[in-house]
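Next up: a single chain in structure tokens, the form predicted alone.
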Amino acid sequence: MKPIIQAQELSCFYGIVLGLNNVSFEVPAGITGLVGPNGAGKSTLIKLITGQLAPSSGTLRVFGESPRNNPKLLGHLGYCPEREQLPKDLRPVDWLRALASVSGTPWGETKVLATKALDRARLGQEHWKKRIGTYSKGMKQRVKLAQAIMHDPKLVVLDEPMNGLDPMGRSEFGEILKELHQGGTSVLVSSHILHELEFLCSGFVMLNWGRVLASGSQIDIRKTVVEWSDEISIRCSQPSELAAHLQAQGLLRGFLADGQDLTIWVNEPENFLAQWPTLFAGCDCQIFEVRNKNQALSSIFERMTR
């Protein structure tokens, strides 16, 4: 499968200020997370992908074409910016209809597109008659998402879309993105909420100081970890029994059982993780999850940044 985004030795400078510095990566179809601290180059990359900026050097291709000054290509992209620039005095349906009309949709067809997009963004119909200026931060994020997906784009680019959402709203937002992917739309989502992206995205591009620290699938990125933590978390049906089973083999320096969660500290973590299926044999316990502390995306990114 061809990548939907390809960057080759891509750089972008604002005068003498570095935005991106000689980065190369590929993004396949699916849901991809763009992660990095403030100033890492995320917004610069998004502006390049959406054609708002031109590269200073190198090449960028989206669906095989340069996005700069390419209206036909940009018609297949949806963009949800981080900044809020919504008209406070308009209702969401009216605003979306106006955007659709400006894009060339006959006025009589715009209402169907607008209401469908708001439904997909899960903004309740009871809010449609209210003016956008009265909305909460989370409701405004849904309106921004609706305008980004209204024309059924091939790729949706979202810059910090979960800002202002409560935990339930973030979970629901993630479900919306999964539905988009299942419908054939790829998603590039920028966020600082790494632990949520870990369960949402199939791949990542990790940036820091204008450079790519790592890119690829979660498995590819985890392969970069050469040091393993001696702390391992296990979810299982009988934590105390499993701890006793491992302790009897002389594998543990300590353990902590809490409900279905078992935290163990092992003597040789790399060997333990390589052999754990056989080490658990003989214990009447159902295993749900085994996770090394350093395998968490946030831990990997923190170490790469350092």
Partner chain sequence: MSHLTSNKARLGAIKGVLFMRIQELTTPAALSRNAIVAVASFLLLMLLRLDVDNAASRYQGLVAGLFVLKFLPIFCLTKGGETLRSELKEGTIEYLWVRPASKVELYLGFMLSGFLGTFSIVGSALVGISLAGLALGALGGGAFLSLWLTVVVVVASFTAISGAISSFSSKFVVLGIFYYSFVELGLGAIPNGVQRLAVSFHAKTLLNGLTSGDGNLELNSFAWILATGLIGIVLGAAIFSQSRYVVGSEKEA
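Quantities reported herein were computed from a predicted structural model and do not represent experimental measurements. Positions refer to the first chain, counted from 1.
Another form exists, predicted in complex with its partner chain; not displayed. Remarks below refer to it.
Only one of 212-220, 168-176, 193-201, 86-94 lies within 4.5 Å of its partner chain in the model of the complex by heavy atoms, and it is 86-94. Contact check for residue 128: every heavy atom lies farther than 4.5 Å from its partner chain in the model of the complex. Taking the partner from the other structure, its partner chain in the model of the complex has a heavy atom within 4.5 Å of a heavy atom of residue 101. Its partner chain in the model of the complex comes within 4.5 Å of no heavy atom belonging to residue 236. Although the partner is absent from this view, residue 113 contacts its partner chain in the model of the complex, with a non-hydrogen atom inside 4.5 angstroms. With the partner removed from view, the residue among 158, 150, 121, 207 that has a non-hydrogen atom within 4.5 Å of its partner chain in the model of the complex turns out to be 150. No residue of the trio 250, 263 and 291 has any heavy atom within 4.5 Å of its partner chain in the model of the complex. If you take 173-212 and check each residue for a heavy atom within 4.5 Å of its partner chain in the model of the complex, you get nothing at all.
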